[in-house]
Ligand SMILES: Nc1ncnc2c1ncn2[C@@H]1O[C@H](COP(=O)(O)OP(=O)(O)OP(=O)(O)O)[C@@H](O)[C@H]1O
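The chain below stands alone, shown as structure tokens; this is the form predicted on its own.
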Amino acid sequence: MSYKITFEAFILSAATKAAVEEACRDRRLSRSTVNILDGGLPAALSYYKSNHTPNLILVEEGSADSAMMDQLESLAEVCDPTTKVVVIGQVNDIRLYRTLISAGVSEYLITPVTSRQILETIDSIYSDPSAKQRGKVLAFFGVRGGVGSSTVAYNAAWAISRLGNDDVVVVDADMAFGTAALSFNQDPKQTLGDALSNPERLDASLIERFISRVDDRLGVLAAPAAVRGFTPIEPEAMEKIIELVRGQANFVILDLPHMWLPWVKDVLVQADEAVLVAYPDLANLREAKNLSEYLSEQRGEGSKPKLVLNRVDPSRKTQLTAKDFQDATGLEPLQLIANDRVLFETAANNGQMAGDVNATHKAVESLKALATALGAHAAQGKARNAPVAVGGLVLPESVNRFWQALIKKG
């Protein structure tokens, strides 16, 4: 989750300033307007006599508790009623903490503070504990064109939906050349292009109608089938669509096009996980290094991108190794997907996933391991069977078991 707020900090010490600056580089504040000023609480009092207060004020104060309370009372007189205030101080006293909280201060932190403390405080202020849990967003991006990022994304989505009871929606954001509908053997009546044509009218009910159901756990919001006539993607429109889809599933798999556009960069920074897919050669190594450095800086130290190596073939001596990529990027590859053209081409031609063709193949096991590493919740016992479709109708899980039993008897 990222917050779109105005945030101003008034700092006394170099250590606190460094912690605030590091926190502001985190993806959670990537859409926020941040202003860091010196002078602590006295400077804030002077500043807001002639300036509007932001959504969030962080002030550092080094005086005793009585002087601090007098200054905070003066600050309250010029603050907008919706403004939240966080105080950083040196006094470690539970009575002072209770006094500050009862006076309307959102949180009191004791120096020295860390960026993690600051971010956790912002989370506690702006997250809604009563809100319905939103789906986890996994954004897949090929470091170069043709590395198989879409194939990895779709098969990871399939694996997540099969491992347990997680609902998954794939969003094919390659508006010109997306293949999700073909890959999942779907013929959607409406696509992402339709959703983007008038994003203002979108709501949860309408976005659900745009999602084509592969089975009871897996859905696809497909790209347009024709290269002509689609609406260019605006960052705000894509952000709205992602938020709506997050309400429909436990996991949202974003298949991003290999284009360095503003909305693509925004998605990679703001997604819960940014997954870089690379082929093990020198050109991919260079691009993976550049992208990992950029995204690590933009997303923050605690949320670095993930790296997956695709089409790995140890028999090909010209391929680079996982260690080569780890040394260059600082990222240990999350998974190595074995190269098997017959498996993946058969699946693609049949409108299936690799696991539908050969459930025990080494590459399929790697994709299941990738799904688990990305947060899939494995069910107790055996993995869930694929749903049965009768006459084009996807049946509920309980009915699936009945039909599967009949099939086995037959």
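Treat the numbers as computed from the prediction; the structure is a model and nothing was measured. One-based numbering along the sequence shown.
From this point on, the text means the form predicted together with the named molecule, which you will not see here.
- For the options R311, K84, K306, R217, the residue carrying a heavy atom within 4.5 angstroms of the named molecule in the predicted complex is R311.
- With the partner removed from view, the residue among D266, D340, E287, E273 that has a non-hydrogen atom within 4.5 Å of the named molecule in the predicted complex turns out to be D340.
- Here the chain stands by itself, but in the predicted complex one stretch of 91-99, 157-165, 143-151, 323-331, 143-151, has heavy atoms within 4.5 Å of the named molecule.
- Within this chain, Y48 is remote from the site of the named molecule in the predicted complex, having no heavy atom within 4.5 Å.
- Shown alone here, H258 lies within 4.5 Å of the named molecule in the predicted complex, counting heavy atoms only.
- Not displayed here, the named molecule is approached by D174 to within 4.5 Å at the level of heavy atoms in the predicted complex.
- Taking a 4.5 Å heavy atom cutoff to the named molecule in the predicted complex, none of the residues in 267-306 make contact.
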